[in-house]
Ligand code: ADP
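Given next, in structure tokens, is a single chain: the form predicted alone.
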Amino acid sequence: MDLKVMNGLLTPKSVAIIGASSTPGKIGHTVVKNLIESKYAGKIYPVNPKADDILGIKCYPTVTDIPGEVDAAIMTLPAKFVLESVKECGEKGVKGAIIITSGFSEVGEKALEEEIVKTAHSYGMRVLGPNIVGVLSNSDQFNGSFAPFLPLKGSGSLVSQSGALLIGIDASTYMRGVGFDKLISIGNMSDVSFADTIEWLDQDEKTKCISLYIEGFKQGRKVIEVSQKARKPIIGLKSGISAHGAAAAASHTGSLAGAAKIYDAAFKQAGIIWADDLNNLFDRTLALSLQPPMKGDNLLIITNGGGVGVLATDSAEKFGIPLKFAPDDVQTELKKHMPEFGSAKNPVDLTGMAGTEWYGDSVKFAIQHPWVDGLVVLYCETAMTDPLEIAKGIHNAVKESGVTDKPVTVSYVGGEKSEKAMKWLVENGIPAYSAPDLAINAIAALREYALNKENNQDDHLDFQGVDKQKALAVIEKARQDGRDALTEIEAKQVFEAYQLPVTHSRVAKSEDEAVKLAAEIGYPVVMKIVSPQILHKSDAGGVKVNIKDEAGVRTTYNTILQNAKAYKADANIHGILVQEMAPLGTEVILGSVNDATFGPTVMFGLGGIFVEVLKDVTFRVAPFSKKQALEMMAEIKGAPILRGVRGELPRDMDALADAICRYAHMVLDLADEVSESDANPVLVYENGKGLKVVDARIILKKK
């Protein structure tokens, strides 16, 4: 990223409005008017060959006629004139084009949009948009948009794919009391993308928290990379997660993958915090822009009402921070600041008698105690207390404590006085909310941020002995045969090239050969149909297990052939697979899809025939660390089965984590060839005894 160019685009010292208009109501007029009303201190150059001045500012026929330097050009002229204007800007030395104009890829004019970007890049320019509202920056007093005014001042910055939503957010900052320093509309993302804005805002001194409204990433893997490196918290609100194009996919993984699950995985790896809805985006932005991350799980709640304390307790469990009773020494000290009928356990109920002194002393002690990692303070408005004085007591206690690395959130339940007190708290750096669950959710965001950063510090494993050329040779043979799916034996050969432990398997092309192979492998054996046209072998009656002798092999060989022909008469049958029968173990599944946004993405869950019924799966974008693999295992509802239940010994979690990482390396390494894949089931044995891949499926990209 060229920082100088991006600065010129997003915080320009001089700006040309190409398509500026003398007619009120037109966007070209509104942009000039907004720049003046926002008290922009830079040079404003309206460009319109038919006007001498607009709103008292001298006009120029073209951008090349402007006498001084121009950092950014805001374009509001019709789409058909934009390309020529970009060329003129390039000749002028403009750093970036903010193209408000619509009528490009969003209406099918993708070629024109691409030509504009190509031309801009030839001059070293960057393009924001097209089809955007513009850029707003409080710290630069720059309203380079057709939004009505600069947002309420704050220390967060928001990047929005939707222009209309950005305008709505701009106005609602004043109603909600949550401010932003910058609002950036990115529209079609023809050039400048989410990844670019994240990287730039992470360098911006005025931005403490980066918020995103996302309809879809164009550079999903780059977003993960830049977010992992970011020093500032990032919050994402993703729309359009209810449906996904993988519904008709051929593999188990493809049918189970969905936008919500894959974005959730990508967010975790990137360290991006989820926002559930627009309200939640505001609430979490407020907390993350004002407070430090919560580095441990010990949350303490201080309240003057039992009811709100119980509601907060329920919310803490819901949002992943279950409360623990405070240690004895904490309880002993806190009891000094409440009547005998109060409770110091957690929540700490100071009772309705609590005034400014009790609140202040309790908060100051609690935040200084090493056991406490984060603090939520609740207040129900009473006739005996002044909400603003309570707020000042809380703020002074935090300030006097000298503690700056533990978060505090507050909730007030009350009337107009409470509203004013909460506004005062926010203005003085402490996020405050109108309900206890909102304060808990906010501090949960601070905990999520800390956890995500911790989990992304491990390096990816460096695998030795991988034979990529062997895997590619297997794939090439299938392509030469005109196939876009590997047989099971071929898929296992690819797995073996990446040192994934597969069951010993060989293909028989006759009944006698099947008998010979079974004797060499050793009874009992498993027999399966081998056909590129029959991927789901069980559905075709093409799998038989626990075959114990020669007679069984002969009978099974013919039965499987008959079943396969009845299932799909025109299937090309390569033979019958004879395979060692692996000992029973816990069945899990590994799978992958080559996601359109993030590329190779790995699934893990309970395996066997139940995977599509229970849908107990989780995802990660390849590659990832062993720590992430272990976290995947912990996320599924069936995790206790892997840890050992009802007398069962724990499974070999270390071997499984290693296999998941190897599998991720494989699908990333073969991303240009493989569309989807499954290892199902994978049998996991007792700790120290490893695992076996029993069945494998690989579907190739169509070329």
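The first residue of the shown sequence is 1; numbering continues from there. Only a predicted model underlies this, so the values are computations on that prediction, with no experimental measurement involved.
There is also a form predicted in complex with adenosine-5'-diphosphate (ADP); it is not shown, and the following applies to it.
- Only one of I214, M581, A450, V330 comes within 4.5 Å of adenosine-5'-diphosphate (ADP) in the predicted bound form through a heavy atom, and that residue is M581.
- Exactly one listed residue, out of L535, L112, C380, V398, brings a non-hydrogen atom to within 4.5 Å of adenosine-5'-diphosphate (ADP) in the predicted bound form: L535.
- Comparing 523-531, 200-208, 334-342, 315-323 against adenosine-5'-diphosphate (ADP) in the predicted bound form, the single stretch with non-hydrogen atoms within 4.5 angstroms of it is 523-531.
- For T503, a non-hydrogen atom is located within 4.5 Å of adenosine-5'-diphosphate (ADP) in the predicted bound form, even though that partner is not displayed.
- adenosine-5'-diphosphate (ADP) in the predicted bound form comes within 4.5 Å of a heavy atom belonging to V694.
- Remark: E490 does not count among the residues lining adenosine-5'-diphosphate (ADP) in the predicted bound form, judged by a heavy atom distance of 4.5 Å or less.
- Put simply, E88 is far from adenosine-5'-diphosphate (ADP) in the predicted bound form: not one heavy atom of it is within 4.5 Å.
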